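Just the one chain here, laid out as structure tokens, in the form predicted on its own.
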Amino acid sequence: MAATTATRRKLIEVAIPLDAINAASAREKSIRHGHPSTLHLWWARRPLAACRAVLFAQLVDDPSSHPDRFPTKEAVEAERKRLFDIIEELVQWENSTNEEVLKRARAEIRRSCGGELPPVYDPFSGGGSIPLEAQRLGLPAHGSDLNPVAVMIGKAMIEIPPRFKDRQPVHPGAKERTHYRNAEGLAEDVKYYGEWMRERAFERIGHLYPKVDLPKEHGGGKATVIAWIWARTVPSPDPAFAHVHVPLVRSFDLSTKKGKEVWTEPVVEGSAYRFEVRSTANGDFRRGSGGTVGRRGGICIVSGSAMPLKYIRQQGQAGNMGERLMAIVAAGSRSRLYLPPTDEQEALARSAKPESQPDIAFEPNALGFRIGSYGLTTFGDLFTDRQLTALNTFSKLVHEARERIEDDALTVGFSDDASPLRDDGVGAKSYAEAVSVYLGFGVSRLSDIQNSLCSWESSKTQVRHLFVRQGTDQNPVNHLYTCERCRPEARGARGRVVR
């Protein structure tokens, strides 16, 4: 007769404190500093709090599975309440690194799993939330994915930090402390060499990101540019004005904050036009609303002629789509400053000459990716020359930083083992590659917010990154031709240096 094994019910099969888990998961969306989601963009990330709670609840026995220990309904409810209290503590963001709370959770898991911490495998790990939380609970964590970006995110969160655990940083100069716990030393090196990249980038391309002169009404002097906002243009469909490139703009709003409304207004003068910045704070009254283009086509601001989408697409495919600077957003002492474009600023942007440009063609019929209809056929077409110059510069600096990190690691006593990171190396070479992974993520994130399809979000007065959702309808007519944000020294490799 075959032996039978009694199956114990797990806590998740009976009940879990959903209200506490939901509240912690919702709060997690507003946490940016130190959250793994800031490492690199990935869609549909699972909330860490929910993953932590579910892993715990599916491994810990429900009290009803042990009638010998909990013979009455009251005893079962009391024990279940105790386990709920552990989960409610466990899901709090502040406790995600609280060893005392994590140890209590691990002890409960061991008690239900024969004294061991069982391994967890996520075959579609994506952003890595499940393997990360499994590792946090002390469980041997494994993950895989078909997408190489997801695999790299997982390695950066799960594999690399434990390999260089408790090690001091290798960068020269005074260290922030004498004792480093877990990946604190690695994190400090990422910050240090990211700042080193920023400084070198400013030395090389800082002239392409100048400060802007402020008019007297704004106090004079110079200010750091937050964004250069551009509009895509096509020739006017009116034969009399065919030499004029007119803007394709869905909205002229720069700020829609109540009481601080600012917009750019095209002023037509014969067959020419210019952009001026208007503001309700200055007593300006807006004569119209909206922009010059929508889902069905646009209107020529010079002649008033209709511009069907078919016409716009034909002009794009013929290579006649251009761009024109509409406004400049600068950093004031207390708020944003909005300035009209200048010929000098526009000419400087056009003076950039990138050393290389990605000429790989993307799939023209990719779902939700409609930019091919407008004459953009390669990945290089998605960036301006100034954006490509910046991305080329930072990409080169990642390689230079890796060589520098390896030299510094050898200086502080890392082994000269030549095994690379992919072969489980732990020497100076492997450590330099590890830090470079995070620096490379910074450049990758940079490309998400430094491309010609990014738009300006007037409600928040900031640049909106491109991939806001996985199935984004990428249609250049739906975007301002923006946004060139910050000179290179304004942000490090970990930040958002756009265009």
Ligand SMILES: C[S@@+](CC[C@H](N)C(=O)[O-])C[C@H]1O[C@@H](n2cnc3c(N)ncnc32)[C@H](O)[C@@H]1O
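One-based numbering along the sequence shown. Computed from a predicted structure; not experimentally measured.
The next section is about a form of this same protein that is not shown, the form predicted in complex with the named molecule.
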Query raised in the report: Within a 4.5 Å heavy atom cut-off, is residue 264 in contact with the named molecule in the predicted complex?
Result: no
Query raised in the report: residue 93: heavy atom within 4.5 Å of the named molecule in the predicted complex?
Result: no
Query raised in the report: Are any of the heavy atoms in residue 46 no more than 4.5 Å from a heavy atom of the named molecule in the predicted complex?
Result: yes
Query raised in the report: Wondering, does residue 105 line up within 4.5 Å of the named molecule in the predicted complex on heavy atoms?
Result: no
Query raised in the report: Thinking of 230, 341 and 345 as one candidate spot, does the named molecule come within 4.5 Å of a heavy atom in every one of them in the predicted complex?
Result: no
Query - Location of the named molecule contact in the predicted complex, chosen stretch of 120-128, 181-189, 373-381, 315-323 [non-hydrogen atom, 4.5 Å] - result: 120-128
Report summary line: Exactly one of 408, 88, 145, 238 comes within 4.5 Å of the named molecule in the predicted complex through a heavy atom, and that residue is 145
